[in-house]
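Taking the form predicted on its own, here's one chain by itself in structure tokens.
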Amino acid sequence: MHGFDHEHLESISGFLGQYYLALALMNAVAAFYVWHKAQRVWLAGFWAVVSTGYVMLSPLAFGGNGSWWMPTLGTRIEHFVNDMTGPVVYSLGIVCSLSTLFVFRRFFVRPVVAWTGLNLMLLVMGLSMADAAFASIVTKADNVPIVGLIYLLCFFTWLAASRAVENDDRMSRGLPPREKDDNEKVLVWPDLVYTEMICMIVLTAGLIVWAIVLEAPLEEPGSTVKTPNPSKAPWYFLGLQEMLVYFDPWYAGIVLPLTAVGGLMAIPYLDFNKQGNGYYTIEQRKFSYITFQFGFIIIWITLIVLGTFLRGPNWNFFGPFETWDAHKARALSNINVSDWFWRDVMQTSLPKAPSGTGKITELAYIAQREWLGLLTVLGYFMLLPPLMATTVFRKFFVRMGFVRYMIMSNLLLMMATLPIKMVLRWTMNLKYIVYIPEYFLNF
């Protein structure tokens, strides 16, 4: 069977058996907490049943050797996921999922719903580990911390959203935010110092255990004649590495990062909304919340996960359960806007300056060749800001003024160039809107 080889299942059966026992213990503790603290007997009984289910899965995993009783997702489901997973489906799925979570946030921040979602995520993770291809990527020493970071990001995003929803509901009833009720003075010494010292001891012990259990991800010495395939940057630079697929290095490696840093520095000077300072809220700062979540999670975190788990040899896109085959060939015919206009529409060759011509003549030929792309880029940055000022961003323009509004709108438009270019590459195989290799100016 695809992915379910006996050797892999024998090597991972012990881990999966302990994994399901840990999930059983986790839900047993949750059942006891709900019964003892919340006095909700029916809910405690439900989590006790879930704990029992994990206990039943554990011996199946311990004894699984590729037989029918081994807990797995099944080859049909895995093939379906691989067939459906692609850059477009992956990105649009993330956007639709986060949009749904935002619109129905009052439902999803409920502890019962969040705990159910966590159990589903952990269950799918355990069932997927029976696949050799999936396990080889997730259990790689470099990728294990990233898996943990994904769960931590989900938890803290949920925690912040739940606090914000609680405060929004309180303020809708005329009550102050929860943070205002906590006016207790806390001293640096001894309260803060003791807390920091305890955290330092716990983290140090955790790192020691981590270093003993998980081998250091050291590979063979570097060689100029043998390059790893795929050759990946550290996880925190994988977003930049993914950007290089869609933009030239000057834009992906310099302009976009500097714009992000400059935009973060400019936020205190651009923001006119004085609400929401010092407490969690979404209703009072919807624009800031949505912009940050889109820029951080949808663009940055999505690119890191994409580059870590779904980009394989030759930087090809692979499904979660697809074996990384270095011989996988994907025929791409990327085109530029100028190629499409002159060759496909005008049915002629691209304008090219005769050899030996001066700089002014060369620039004139370049402008003739790239006129459509240049007008598109100029129109994007020059026409959209005033159009937005008279429609969806009219309130922002009135309250911010011309200078602050233009800075804010152009920062947003520059951030939006990344998803726009990604969609154009995936759907239309568009490489560059403006292609001027004579001066290394491609966009």
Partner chain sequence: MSPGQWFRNSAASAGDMVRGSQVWKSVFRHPLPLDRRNRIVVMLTNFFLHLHPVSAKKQGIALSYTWCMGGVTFFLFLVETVTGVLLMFYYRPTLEWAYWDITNLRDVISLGILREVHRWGAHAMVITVWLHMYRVFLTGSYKPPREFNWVIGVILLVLTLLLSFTGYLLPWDQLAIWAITVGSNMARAHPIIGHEGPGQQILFVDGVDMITMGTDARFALLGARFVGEETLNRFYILHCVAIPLAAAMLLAIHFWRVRKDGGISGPL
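Numbering follows the first chain given and starts at 1. Note that the structure is a prediction, hence the values are computed from the model and not measured.
If you look for the form predicted in complex with its partner chain, you will not find it shown, but the lines that follow are about it.
The partner is absent here; in the model of the complex, the one residue of Pro217, Gly93, Pro111, Gly117 having a heavy atom within 4.5 Å of its partner chain is Pro217.
Listed residues Ala367, Ile77, Ala233, Val345 were compared with its partner chain in the model of the complex; Ala233 is the one with a heavy atom within 4.5 Å.
Using a 4.5 Å cut-off to its partner chain in the model of the complex, not one of Met84, Arg106 and Ser172 places a heavy atom inside that distance. Under a 4.5 angstroms non-hydrogen atom cutoff, its partner chain in the model of the complex has Thr281 among its neighbouring residues.
Put simply, Phe317 is far from its partner chain in the model of the complex: not one heavy atom of it is within 4.5 Å.
Using a 4.5 angstroms threshold between heavy atoms, Asp271 counts as touching its partner chain in the model of the complex.
The shortest heavy atom separation between Asp325 and its partner chain in the model of the complex exceeds 4.5 Å. Look at 257 to 265, 317 to 325, 350 to 358, 120 to 128: in the model of the complex, residues with non-hydrogen atoms within 4.5 angstroms of its partner chain sit in 257 to 265. Taking its partner chain as it sits in the model of the complex, the stretch 175 to 191 comes within 4.5 angstroms of it through a non-hydrogen atom at Pro177, Arg178, Glu179, Lys180, Asp181, Asp182, Asn183, Glu184, Lys185, Val186, Leu187, Val188, Trp189, Pro190, Asp191.
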